[in-house]
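Given as structure tokens, the chain that follows is alone and in the form predicted on its own.
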């Protein structure tokens, strides 16, 4: 996850409650007896009342994943837990979680009851089939390779043969991307389903008009190495980062802390064992280099949407500062777009740093350095009671349907994002079955 959950208090469900193994003995820094070393991650509940306290927690290197009105849930190792205790934070609960810290293992697949999710090869088969059925509309472009040599595939929609062949267009552009974080598999499914939707509805009047006048890019899997590793033993490993061997017994860089805008300031961690490890330098990772080079080379891009899980949030810059966007017109446009999209998916719209300070993320970089209107969607579920990172394949269709209207809305306004400041702009193009507030 890139941020947290709605700040309103939510009850942990019975399924999660059954997994809480007891109250942490924070007075003695006690670890459960099965912890073998200081680097082993635990999923813990920490008392925290506001964004300043949440930011302090994040500064220890703990990865905040869920936010309640009075606490957060976070991944942390023993060193980080000790820091939290020393700073006066109360460790309220301990989730019985373990993760492998070793090297890459032989590839397997998703657990059988989640077989509808796409691993790398199934994703590639899916997009190849889509392209073969729509060769006049879709091309597949490798924008680079991952650390382990997997192609980072982008699905390109354009009605111009020259644009498809060259990968460059003068039409206003938009890019959707998923899976910066390995364990966030739902964030792969939504852009994949959206690509299929656009292809299958290409002859619908409204969709046809949008495709005729836009340059559309969809990158479903930014972190294929991490995503494969997360399911590499037929079970989930709760893996977040890429698979960089850090040379000190730890693995992985948090790709969504590796972008250059305010990189290295508070909101990411220099400790390589941390879930939010920012890497040795901005854009040190081939995956973020590929996104950087792709976005910077497509100067027609007006909007960027990065899918994450979980929390049901619509987030916009800034993440690096509690201050709002200084350009009034841009802030108004961001707020209008966010609140309009929230009518459809019923997520909470807010500035990213209202959760806590984070730096080096995709959306701050895209807007701060390139002026692209950029959003992060934290997809469903809303919390751990809904399954957290692993909600089961039954949620996929609902999450896509909840977010189809916002995706189409951004596709429309990518022609000129400032048009949203005109009254009625959110409804004047949508077909009847995609009106604000309509349900599937």
Ligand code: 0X9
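Residue numbers count along the first chain shown, from 1. Fair warning: this is a prediction, and the values are worked out from it, not measured in the lab.
Heads up, the form predicted together with the named molecule isn't pictured, but that's what we're talking about next.
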- Task: Have a look at 146, 358, 77, 288 for me and say which one sits with a heavy atom within 4.5 Å of the named molecule in the predicted bound form.
- Result: 358
- Item | Site check 64, 181 and 256: each within 4.5 Å of the named molecule in the predicted bound form by heavy atom | yes
- Item | One stretch from 196-204, 322-330, 132-140, 181-189 that, in the predicted bound form, holds residues within 4.5 Å of the named molecule by heavy atom | 181-189
- Message: Considering non-hydrogen atoms and a 4.5 Å limit, does the named molecule approach residue 315 in the predicted bound form?
- Response: yes
- Message: Under a 4.5 Å heavy atom criterion, is residue 308 part of the interface with the named molecule in the predicted bound form?
- Response: yes
- Would you please decide whether residue 244 lies within 4.5 angstroms of the named molecule in the predicted bound form, comparing each non-hydrogen atom pair? no
- Contact between residue 352 and the named molecule in the predicted bound form at 4.5 Å, heavy atoms? yes
